[in-house]
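Heads up, the chain shows up twice below as structure tokens, two forms, tagged structure 1 and structure 2.
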Structure 1
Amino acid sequence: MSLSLLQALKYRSLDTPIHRLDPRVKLLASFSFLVTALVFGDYWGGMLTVATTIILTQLTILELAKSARYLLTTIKGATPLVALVFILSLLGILDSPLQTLEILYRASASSVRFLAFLTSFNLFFLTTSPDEFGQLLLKLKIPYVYTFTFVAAVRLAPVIADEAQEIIDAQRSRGVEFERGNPVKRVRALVGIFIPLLINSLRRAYEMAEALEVKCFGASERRTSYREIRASKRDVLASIITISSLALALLARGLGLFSGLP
């Protein structure tokens, strides 16, 4: 389950109007989803309506980004978790003097709200490349060393994963059985993988350090950026829409406009 959730969050390089948006706008939008789901926390205060609207809005935007199915995958992957929330809510209020319909409403509203929480950053992660994420960190005035570390880690993750697979394969070919035997033996077999993986990683770190030197890392105080995220008119427009929607939602909540709604 965890794997399919991660898979569903993986950035896919597509060329759509949503993908081309400034990552800051998308971060803002995802943030708005989260805040909205958070503030509508009262039963019969629009909790179910708002949470459903958030999910549907995100689904619509992701459809424009040709990525709606990945959100559905996340939702599917999250089903056991959501079911758990549903059951826990039921257990919490079962012995209360509420009517069955009311109990069902409360449990469903909590579950859907939980799902809205869980998926709120899908828009951001599905349509922002790690590179853009790095540029975003720079824009947020985070020192370049951290940005570089983040980007290099994302770049190396699949390389290290391949290497780990290769080491496991090599050990299995020498008679080590990871799936059999008592737990102690299995843990020991797994620990064995980390030694070569660590040694390989150390060696790679050294090689990378050399490569960084000959690529003049840290040579200039004022590092330039060839690609910078720059807000276009469309981005400004999208931000205005996002901010006003959030403001409206907060206003509605403040004035209690949704009270009485499911």
Structure 2
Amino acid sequence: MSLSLLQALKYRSLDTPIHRLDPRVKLLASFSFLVTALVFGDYWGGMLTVATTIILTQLTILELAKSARYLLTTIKGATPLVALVFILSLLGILDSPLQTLEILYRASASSVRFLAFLTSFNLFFLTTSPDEFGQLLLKLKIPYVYTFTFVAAVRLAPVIADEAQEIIDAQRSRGVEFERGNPVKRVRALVGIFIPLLINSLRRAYEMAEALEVKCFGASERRTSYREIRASKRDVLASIITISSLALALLARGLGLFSGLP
């Protein structure tokens, strides 16, 4: 699995209509993508069609946010996982009395649906700053300690991925090969990545703990924010559109409008 998969968690600070939306609206949109992918779980109930529509819709929205290429990078990084899901789905139904085209359709539908799951929250993380994310969690009445922990993890995941890539490049410059040799040699080569990465991660965690202790983290339960998130008319309209789209998808599922699609 490529480290580029973690680029989905890396916020890009841009001035676009999507970035200016209330984070609650973007969370609602991402949640609707996930629910829609979950609901359409029947092979002949439009699974492939709906999953593809979810991915294309996110690409369209992220194009407005000037971040579509990062979603494509995430999809590229997820290719090994998607291929694994395709192979496992294929092996699971090879012994069934189905025609070849139907077997390939089911395996493809499962793979694309998994990709829709994997990318359902890309819109939220790519266009929502960690500060807005933290305020959103606080609005949802989540304790600040857990909010800080989660936001810190989201902040550090892309940093650790970039650091791992730098270590890999440094090891390759020294002649270490990760793609060649038997599995034992490959595992030994990976040790040269994980040990420096683990040491740097522990050092970073120790420095962060010291900084929090110096700033008396948790001494006061009352907290204020420099900027509060407030919903505008544009956010209300976007929420109505999102809820209406989800309701139409659920209605279509209930009526079986996509049943029988090849």
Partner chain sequence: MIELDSVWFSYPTGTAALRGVSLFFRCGEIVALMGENGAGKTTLLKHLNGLLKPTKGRVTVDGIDTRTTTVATLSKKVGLVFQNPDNMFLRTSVLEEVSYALEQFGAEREEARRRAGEVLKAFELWHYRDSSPFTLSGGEKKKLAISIVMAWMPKYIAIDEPTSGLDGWGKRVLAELLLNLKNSERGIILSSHDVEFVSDVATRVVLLRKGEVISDGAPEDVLTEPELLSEASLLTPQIPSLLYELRSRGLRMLNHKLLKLEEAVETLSKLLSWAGHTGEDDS
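Note that the rigid core is defined as the largest set of C-alphas that superpose within 1.5 Å between two forms. It should be emphasised that the depicted structure is a prediction, and the values quoted were computed from it without experimental measurement. Numbers given to residues start at 1 and step along the sequence of structure 1.
**Student:** Which number goes with the form predicted on its own?
**Tutor:** Structure 2 is the one predicted on its own.
**Student:** Determine, after fitting the two forms on their core, whether residue 203 shows a C-alpha shift of 2 Å or more between the two structures.
**Tutor:** Residue 203 C-alpha, core-superposed: shift of 2 Å or more.
**Student:** Can we say the CA of residue 228 moves by at least 2 Å between the two structures when the core is superposed?
**Tutor:** No, residue 228 moves less than 2 Å.
**Student:** Return yes or no for residue 129: a CA shift of at least 2 Å between the two structures, with the rigid core superposed?
**Tutor:** No; that C-alpha moves by less than 2 Å between the two structures.
**Student:** How much does the C-alpha of residue 175 shift between the two structures, in angstrom, given a rigid core superposition?
**Tutor:** A shift of 17.5 Å at the C-alpha.
**Student:** State the core-superposed CA shift for residue 142 between the two structures, in Å to one decimal.
**Tutor:** Displacement of the C-alpha, rigid core superposed: 2.4 Å.
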